[in-house]
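We begin with a single chain expressed as structure tokens, specifically the form predicted on its own.
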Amino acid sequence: MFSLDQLSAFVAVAEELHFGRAAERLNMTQPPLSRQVQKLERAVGARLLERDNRKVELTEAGQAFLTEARRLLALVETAGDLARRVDQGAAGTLRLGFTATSAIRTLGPLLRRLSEELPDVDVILHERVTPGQIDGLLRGELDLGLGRPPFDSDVLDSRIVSREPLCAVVPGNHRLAALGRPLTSADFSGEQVISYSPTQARYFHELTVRFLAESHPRIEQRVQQILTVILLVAAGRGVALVPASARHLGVEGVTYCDLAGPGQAVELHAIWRRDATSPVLQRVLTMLPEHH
């Protein structure tokens, strides 16, 4: 087996065709340089250089070996560079979970910034409701999630990356759309409300229950996804509460109405494991927007 030092010695001599100049280039004296080349020839089992008192020439075996020696040295340099980039979080893989509505405001700008600033990081996207993201983080399937509280803060760390108002979505010709003012809880009395799964969409379930606590709506359907809620509203199956960014989903046949009062904020959190050590994740966390 030969060493990298032997390869470097051979390449220097092969390129200079002069032991003195090659030794100077490598900041070493000529005798150890000659020994390195001799050891390499013994390891390879072929004569790589013809040398006499006047000149140094490559043998045919030396010509062939020079190409491979350069490639090996370049590979070692590249491997070292890649390791440094991975260690700095500039290369590697980020497995990113997101919900459909988190994609509207937060995901697009984040992905654009990642592609500009960390082009060697591969981002693998997983669309999951928040409980699915939390499960993925705990199982080690995801590095980072964009989801909603609650979650186990002993195991998971988080940061609020966006905050927006809650609003109502009603069929386009609905009486609530014609009121022309922010809606109160009492406005929903007797209305058929499409709500959220208490397990798979617990956050929006609790926001809906909290806002409508003073009224007596009829809740007949509970679903997981905000887009599904809006499509059911468009089909005339009821009214619902959604984050304001849902206005940008482009569903026709619905009207969005502001809510009266101090307004309940809908938070989106970046979520990751407290014990995560991925340099890519640490780098990406510095790039996230932060809301207090």
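The model shown is predicted, which means the values in this text are computed figures rather than measured ones. So that the term is clear: the rigid core is the largest set of C-alpha atoms that superpose within 1.5 Å between two forms. Start at 1 with the first residue shown and count on from there.
Separately, the form predicted in complex with the DNA exists; it is not shown, and the next lines address it.
Student: If contact means any heavy atom within 4.5 Å, which of 64-72, 251-259, 32-40, 233-241 contacts the DNA in the model of the complex?
Tutor: Result for this chain: 32-40.
Student: So in the model of the complex, are Met28, Asn53 and Val56 all sitting within 4.5 Å of the DNA, heavy atoms only?
Tutor: So, yes: the whole triplet contacts the DNA.
Student: Under a 4.5 Å heavy atom criterion, is His18 part of the interface with the DNA in the model of the complex?
Tutor: Yes - in the model of the complex, heavy atoms of His18 and the DNA come within 4.5 Å of each other.
Student: From first to last in sequence, which residues of 132-162 have any non-hydrogen atom within 4.5 angstroms of the DNA in the model of the complex?
Tutor: Not one residue comes within 4.5 Å of the partner.
Student: Taking the rigid core as the frame, does Gln63 move its C-alpha by 2 Å or more between this form and the one not shown?
Tutor: After core superposition, the displacement of the Gln63 C-alpha between this form and the one not shown stays below 2 Å, so no.
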